[in-house]
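What follows is one chain in structure tokens, specifically the form predicted alone.
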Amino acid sequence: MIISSHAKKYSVEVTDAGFITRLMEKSYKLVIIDKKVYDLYRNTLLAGLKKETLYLFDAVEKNKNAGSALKICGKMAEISFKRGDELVSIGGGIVQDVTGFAANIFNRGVRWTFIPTTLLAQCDSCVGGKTSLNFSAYKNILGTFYAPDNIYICLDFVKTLTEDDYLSGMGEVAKFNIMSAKDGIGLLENNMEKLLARDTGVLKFFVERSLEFKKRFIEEDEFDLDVRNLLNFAHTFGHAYEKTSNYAIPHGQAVTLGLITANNISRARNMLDPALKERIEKICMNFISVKLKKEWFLADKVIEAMKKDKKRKSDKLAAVLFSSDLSLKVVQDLEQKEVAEALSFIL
């Protein structure tokens, strides 16, 4: 797959487990890698990495900041990294954000290759070019648009993900496939057992469909000014649930719960057929592994978190809602009582 951005075209390839050996035949100066990923695969998938090129990164939320990106820039300066050199980064979304930011600001932009190792990054965040960093007490408040030059997706990495992390990625896979085509819901239903068993052949089909769907939006609206906002379907509520649970709910699972919430509002507004709503909800519940707590879904706390949503343009709440014809619509007139009623379906 080739994706066009404002600065360049970049490639996305779903590949096999031997790709690392082939990739490392090139002369890379620096490979940024999640410490946990390296420990898991140093003797298998990543055995071909040259130790002298490695920069091991502790990919935890507290390190998703500009300071971490500047340390990577410092390493590049130390090894005389030139603008013509290429950076490789291997890991999930945190590694992508920090490395992409560093690649963007060092020498005003260097080439970089991204190898996503979480399903969430493989099916979603690896394309689109966004980097998001935390600053002070604020989450994702700093960032740029700077896509990798090449993205290599090896689904073998999902085999060692925790159940929470795997299902978090599956929530996004389901969301894209529900949104993208009339056959998406039926395909998810018919392949659920294999998806839950991490069948990489079946997963490849759904991941590629997810990326193809997202490609249409990011090429039309790279900078999130118009139709790309529709991809925030379920995220308004999902981000709120992350905050109210103090991030005990992983991002993808929070988005899955957000999808259920949004669809209950769509149903209450007669936008969504009740039978379709129930089918989608049944699919989604396969991807929730976190034990949910009532205090995370108190209406006043959820609504307060939603008030900070970037789509909001008035005193009322904003959200993306889904219709039976698979269309998506940003609404700016969401009433607080609608949210409260929809929350009753979560627990």
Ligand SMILES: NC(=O)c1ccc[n+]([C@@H]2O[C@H](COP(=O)([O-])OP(=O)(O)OC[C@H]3O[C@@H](n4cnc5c(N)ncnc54)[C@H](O)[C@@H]3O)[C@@H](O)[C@H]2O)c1
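Note that residue numbering begins at 1 and tracks the sequence as displayed. Treat the numbers as computed from the prediction; the structure is a model and nothing was measured.
Keep in mind the form predicted together with the named molecule is missing from the figure; the text below concerns it.
Worksheet entry | in the predicted complex, the one of 278, 52, 295, 61 near the named molecule [non-hydrogen atom within 4.5 angstroms] | Contact residue from the list: 61.
Worksheet item: Looking at 94, 153, 179, 218, which is the one with a non-hydrogen atom within 4.5 Å of the named molecule in the predicted complex?
Response: Checking each option against the named molecule in the predicted complex, the one that comes within 4.5 Å is 94.
Worksheet item: Counting only non-hydrogen atoms, which stretch in 201-209, 259-267, 123-131, 78-86 is within 4.5 Å of the named molecule in the predicted complex?
Response: Answer to the contact question: 123-131.
Discussion item. I'd like to know if residue 161 sits close to the named molecule in the predicted complex, meaning any non-hydrogen atom pair within 4.5 angstroms.
Written reply: It does: once the named molecule is placed as it appears in the predicted complex, residue 161 has a heavy atom within 4.5 Å of it.
Worksheet item: Does any heavy atom of residue 139 come within 4.5 Å of a heavy atom of the named molecule in the predicted complex?
Response: Yes.
Worksheet item: Taking the shortest heavy atom distance, is residue 236 within 4.5 Å of the named molecule in the predicted complex?
Response: No, residue 236 stays farther than 4.5 Å from the named molecule in the predicted complex.
Discussion item. Would you classify residue 290 as touching the named molecule in the predicted complex, given a 4.5 Å non-hydrogen atom cut-off?
Written reply: No, residue 290 is distant from the partner.
Worksheet item: Counting only heavy atoms, which residues in 16-45 are within 4.5 Å of the named molecule in the predicted complex?
Response: Result: 34, 36, 37, 40, 41.
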